[in-house]
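Only one chain is shown below, in structure tokens, and it's the form predicted alone.
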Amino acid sequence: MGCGKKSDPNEIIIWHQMRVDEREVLQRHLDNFMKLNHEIKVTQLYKETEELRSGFIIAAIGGQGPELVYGPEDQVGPFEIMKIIKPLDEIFSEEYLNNFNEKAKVYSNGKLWMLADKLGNHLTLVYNKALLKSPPETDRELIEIGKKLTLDKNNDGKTDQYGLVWNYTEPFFFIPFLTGYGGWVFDDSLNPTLNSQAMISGLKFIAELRDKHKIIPNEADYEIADVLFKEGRAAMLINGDWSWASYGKSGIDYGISPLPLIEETGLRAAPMVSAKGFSINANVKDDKLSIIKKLMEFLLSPENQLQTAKQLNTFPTRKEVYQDPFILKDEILQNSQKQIEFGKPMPIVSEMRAIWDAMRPSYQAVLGGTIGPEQAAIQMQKDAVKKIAELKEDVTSESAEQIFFIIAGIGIFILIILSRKTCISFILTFKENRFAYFFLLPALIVMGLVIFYPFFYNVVLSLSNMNLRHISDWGIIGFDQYVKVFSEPVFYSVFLKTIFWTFSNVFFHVVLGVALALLLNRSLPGKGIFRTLLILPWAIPQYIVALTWRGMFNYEYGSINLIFTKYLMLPAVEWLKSPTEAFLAVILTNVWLGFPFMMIISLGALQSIPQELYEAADIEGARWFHKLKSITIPLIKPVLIPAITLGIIWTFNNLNVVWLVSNAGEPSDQTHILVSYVYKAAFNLYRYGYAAAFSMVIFLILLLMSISLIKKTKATESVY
């Protein structure tokens, strides 16, 4: 969909990652535009941040994709390197661009790549005026006020109201405290500077807010922090301009204030500041640029930016509206402007992805108490240098490409020789069986498009250097990517974890599934109701189940810990804070999801066993165990073994549950299995050749396991 060869010349597609209220405002602007320009149709499509980024890269490389892509400016770095967006200073005049705030024009390598309609995308201190009249100015005041407002109102030993909440487990939300102690992520030459005293002090500060001063929750991701503030159970919150309007709609009388001054350094806690705006797909044809330009000028007009600011409290980018009475008198926007001035521009280089990836594991390890701040700073720096080197990897080999084509040619020749009899037979019998081939053709075409072509394309990619530097000019380099996969120690640790994950899950799926099937195969009152209830986990979409279980594992508010502490008198478990408990939480979720499939398969197999066999066994005096061992298991085995094989493959490759319950491998990237690890390598650091080689290794592992299992169990012998 978008600007492909067959796209409508009067249709414009916009991909964005706006919230619901932002989408509503955008749609009103688009409706007004289409009323004025009846011949033009504009469609907006929402995509989650990473989905938008990876989806746009794949689509644009393939010559497709939307005409416009909207998002924060940090996406410009990789898009520009991959040459998938157009320079805007060749489309808009200098006179027009002079109307914008300089921070709204995102340049890289001397070219303009994004034009923003919102400025900031920054964190500030949001406070509930009903609980706090005046926000803190310094970190000391923040702690003092936080202590006073952190309350156990009913003296049950649990905190009912927190002084401060925010998504402090994410590095982006930690940055203000790194800058507050005088640190930053790069030096002037874009070398990482994470191993610094500022990093150590910032990490200690965050850990002390939770462990020493106890003014923030033990666990708080974005959703928990957001809900606590909206429910009036938190006096202060650190969040971005994208969230403020929703607090007003929730009935909170809120104010915002710049983040506090760190007294030790005399510096403001400065968040990263960036613009959000539009870029044009490089595949857009010149004859379509005029209507895209017209649409952008309409969406970026002073009138529409002012309307957006009034409805969303976002800071506009057109200079003309800065003197509007609404902007001048609005307390939220004025304080937002102050925070923008205190903030530091977000680097728009592609290396920023490596910085986030390097910071996250060690930062979360500090919060989990497994390493100290000093060790974390050293590890962050080491990881950042390694990941940036991987990101910039530039391997080429002309000889490997020649060898590849020679081997491929020889392989095709051998294949033709080996299959010559079949080919000759096909030609000779074609007329006779033409009708049968006609019916087979659609299936062959579909299989070719969705199975054979992607598979062989992946094989070729696994031998290539395709990455951030070589997106459109990639070439064959031989088996380098496979060597990297097997030479990295992380492969073996993640592989062992995947084996444990797979077999523990499948074991409980089979045991629980068969046990419940045996029960349901008996005469029970309400059997139909039980059967329906037990199938429910399988019927509910996996991502909903995964996110629900993640909420249930929350340390303070999750239902599992509430049952533990309230009814079983057991201590609460920090499910998502330490690697072992987090991995156990993921396994428990998948066990709950997977047993219904085995139950249904087993139940079908049980109902096909002749009842006479059990009656004969009863006459012989056989007990239930002997009947299970000698009749039930042997007769359901031919059905169960293929189901177990499928279960192993599905579980081995189950990305959704691991990714959603552990929030992409948290804590510290310690809950990854092979498939989630390779997903991260492919789409976080753009290592497509490496990820393709990794996925081929996973395929071969599963192929060997499946063949071995079926051969050893001889489960399909009766079929042939």
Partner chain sequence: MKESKLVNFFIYLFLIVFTIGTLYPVLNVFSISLRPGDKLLSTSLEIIPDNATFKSYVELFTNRDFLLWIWNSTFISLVVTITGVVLASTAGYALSRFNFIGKQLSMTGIIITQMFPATMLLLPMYIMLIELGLLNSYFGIIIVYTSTALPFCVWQMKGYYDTIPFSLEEAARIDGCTRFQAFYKIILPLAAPALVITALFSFMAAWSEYIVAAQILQDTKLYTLPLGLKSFQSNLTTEWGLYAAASLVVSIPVVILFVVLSKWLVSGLTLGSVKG
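Quick caveat: nothing in here was measured; it's all calculated off a predicted structure. We call the rigid core the largest set of C-alpha positions that still match within 1.5 Å between the two forms. Positions refer to the first chain, counted from 1.
Below: the form predicted in complex with the partner chain, not depicted.
Trainee: Only one of 370-378, 211-219, 432-440, 284-292 gets a heavy atom within 4.5 Å of the partner chain in the predicted bound form; which is it?
Mentor: Selected stretch: 432-440.
Trainee: Counting any non-hydrogen atom inside 4.5 Å, which residue from Pro260, Pro537, Gly475, Gly183 sits next to the partner chain in the predicted bound form?
Mentor: It is Pro537.
Trainee: Please identify the residue among Val42, Leu68, Val661, Val678 with any heavy atom within 4.5 Å of the partner chain in the predicted bound form.
Mentor: By the 4.5 Å criterion, the partner-contacting residue is Val678.
Trainee: Would you say all of Ala384, Val510 and Phe583 touch the partner chain in the predicted bound form, counting a heavy atom within 4.5 Å as a touch?
Mentor: The answer is no; none of Ala384, Val510 and Phe583 reaches the partner chain.
Trainee: Would you check, heavy atoms only and a 4.5 Å threshold, whether Lys47 touches the partner chain in the predicted bound form?
Mentor: Result yes; Lys47 sits at the interface with the partner chain in the predicted bound form.
Trainee: According to a 4.5 angstroms non-hydrogen atom cut-off, is Arg420 in contact with the partner chain in the predicted bound form?
Mentor: No, Arg420 is distant from the partner.
Trainee: Should Tyr543 be counted as a contact of the partner chain in the predicted bound form, where contact means heavy atoms within 4.5 Å?
Mentor: Yes - in the predicted bound form, heavy atoms of Tyr543 and the partner chain come within 4.5 Å of each other.
Trainee: Although the partner chain is absent from this view, report whether Pro634 comes within 4.5 Å of it in the predicted bound form, heavy atoms only.
Mentor: Because no heavy atom of Pro634 falls inside 4.5 Å of the partner chain in the predicted bound form, the answer is no.
Trainee: Taking the partner chain as it sits in the predicted bound form, which residues of 521-535 have a non-hydrogen atom within 4.5 Å of it? Please list them.
Mentor: Contacting residues: Arg522, Leu524, Pro525, Phe530, Arg531, Thr532, Leu533, Leu534, Ile535.
Trainee: Determine whether the C-alpha of Lys212 shifts by 2 Å or more between this form and the one not shown once the rigid core is superposed.
Mentor: For Lys212, whose C-alpha is compared between this form and the one not shown after core superposition, the shift is less than 2 Å.
Trainee: Determine whether the C-alpha of Ile535 shifts by 2 Å or more between this form and the one not shown once the rigid core is superposed.
Mentor: No, Ile535 moves less than 2 Å.
Trainee: Any chance the CA of Arg420 moves 2 angstroms or more between this form and the one not shown, core superposed?
Mentor: Yes, shifts by 2 Å or more.
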